[in-house]
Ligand SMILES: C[S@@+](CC[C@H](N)C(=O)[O-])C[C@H]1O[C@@H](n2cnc3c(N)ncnc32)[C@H](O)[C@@H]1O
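So this first bit is one chain, no partners, the form predicted alone, shown in structure tokens.
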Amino acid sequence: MADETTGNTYDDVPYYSYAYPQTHPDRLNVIAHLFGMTPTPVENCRVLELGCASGGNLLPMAEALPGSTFLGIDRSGRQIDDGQKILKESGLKNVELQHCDILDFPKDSEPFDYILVHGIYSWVPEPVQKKILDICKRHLTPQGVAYVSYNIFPGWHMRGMLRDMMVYHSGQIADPALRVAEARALIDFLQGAVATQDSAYSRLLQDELKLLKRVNDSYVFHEHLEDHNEPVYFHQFNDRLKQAGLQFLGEANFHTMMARNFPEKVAATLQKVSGNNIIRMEQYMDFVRNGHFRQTLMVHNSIPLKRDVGGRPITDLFVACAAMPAEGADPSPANAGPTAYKLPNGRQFNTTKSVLKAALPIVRGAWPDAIGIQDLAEQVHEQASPRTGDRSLSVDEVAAVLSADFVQLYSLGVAEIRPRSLGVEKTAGDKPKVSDLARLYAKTGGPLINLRHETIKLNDMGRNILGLLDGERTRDMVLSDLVDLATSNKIKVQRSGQVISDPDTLREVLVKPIGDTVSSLANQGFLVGG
């Protein structure tokens, strides 16, 4: 979200550099596939990220996809320097970070299969916005996909009002930390001042204060106090795409595109007022949701897209789902009635489909990795012998049924479709191994990214344990190393509020945290094969 034409605030206040799963080539590849494209396989692709900060999003991609190449540029020399240090220590050879202004991106650069622009577009002036779309048009391969995130109306009408207040109140303060503190204080004051009012304004301030208390100072500064923050309506952004020779492919969060995820009457009205025009549909859904942020995928305007995703086969792709039967539900394929399933995040769905009921325990067993549809079909066929009427289904027929079922679950946002297996080691052996980059970040204080490209928070002990899981150490060796770190005062281990220094007591206390942490890391998708 840096201003590409004036002084660079990102050198003064670096933006936390995280992994964003919605930007991963895996996600872009699948959505392009669902709309009838033939995107470049992620295992052998070229990726460009504009505004890469210190590489927290790009480096884990590069490690996970060693056959692909990655280029990140950012105008903040400080953040590129930070990323270069990590890159040098990581030993990664397929990624490059460059200190470069977006406006100076070379026109003769080679094309890219995937272009990522997260948290930049709304926060830069018009010339840079045009350049971003020009880069997407000029440097995308014929079947390439670009991702751009940006703030939108109508939701930002209300949030923008608060931004204006914070900018006014803190505008004369030069120090970024003091500006953020004053901005937070203003919202806190306003919220308290109207606390007794039962009004939309009071509720707005309460919601915004809750948000500001959850996020770090860097986010507040760059989201609310930068000189540039220009939201648009989605239909306006689409007009800009057309002018640039691009077209709307979809949203990175695919299920948000489905009108059927609204209540039935709402969905029917949306269909009526949109007239089956996808741009109008997306705009009206923003009106209903009071949308404030979009993560849009775009492609060349010459590509014919097939919007009937329900009929799109995914038998060459992989699926993942962490759903378990809800308490008291009967998940047997022989049960013709609806079975309720619940995800760890609390979301639920029901199904009456016997083949899907037979498949879901197998898919859950593969979690946190994904399983190929064809492999899944073979296992379902072997275990359940699915039938339709008096006829047994073939493996290919089971695969076709599961293909349609998982596209539907993906459209509901309760299952994943991926272009590949992630290589997750689901069973933690005696010598558990975490990726080199994750161990490096654990030691340097960086974000901990799992193989699913998710940022996971661990406490200090968890980070210390993760940093030792190199596939060479046994659990007992990890225990000995932690004891050595504790007795040399490099880490602190406490029990009942007291620091422990006795080696025997440390061994006794640390056994359980090691076991619990390794199991948790396996469930979270951190462990890789030896």
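Residue numbers run from 1 along the displayed sequence. Only a predicted model underlies this, so the values are computations on that prediction, with no experimental measurement involved.
There is also a form predicted together with this ligand; it is not shown, and the following applies to it.
Only one of the listed residues (Ala53, Leu28, Leu58, Ile465) places a non-hydrogen atom within 4.5 angstroms of this ligand in the model of the complex, and that residue is Ala53.
Contact with this ligand in the model of the complex, judged by any heavy atom within 4.5 Å, is made by just one of Ser170, Ser122, Ser403, Gln79: Gln79. Mapping the unseen interface onto this chain, Cys100 counts among the residues with a heavy atom inside 4.5 Å of this ligand in the model of the complex. Contact between Glu63 and this ligand in the model of the complex is not found at the 4.5 Å heavy atom cutoff. In the model of the complex, this ligand sits within 4.5 Å of a heavy atom belonging to Arg75. In the model of the complex, this ligand sits within 4.5 Å of a heavy atom of Val128. Here the chain stands alone, but in the model of the complex its contact with this ligand, taken as any heavy atom within 4.5 Å, falls in 111 to 119 among 243 to 251, 111 to 119, 259 to 267, 455 to 463. In the model of the complex, every residue of the candidate spot (Tyr16, Tyr20 and Glu49) has a heavy atom lying within 4.5 Å of this ligand.
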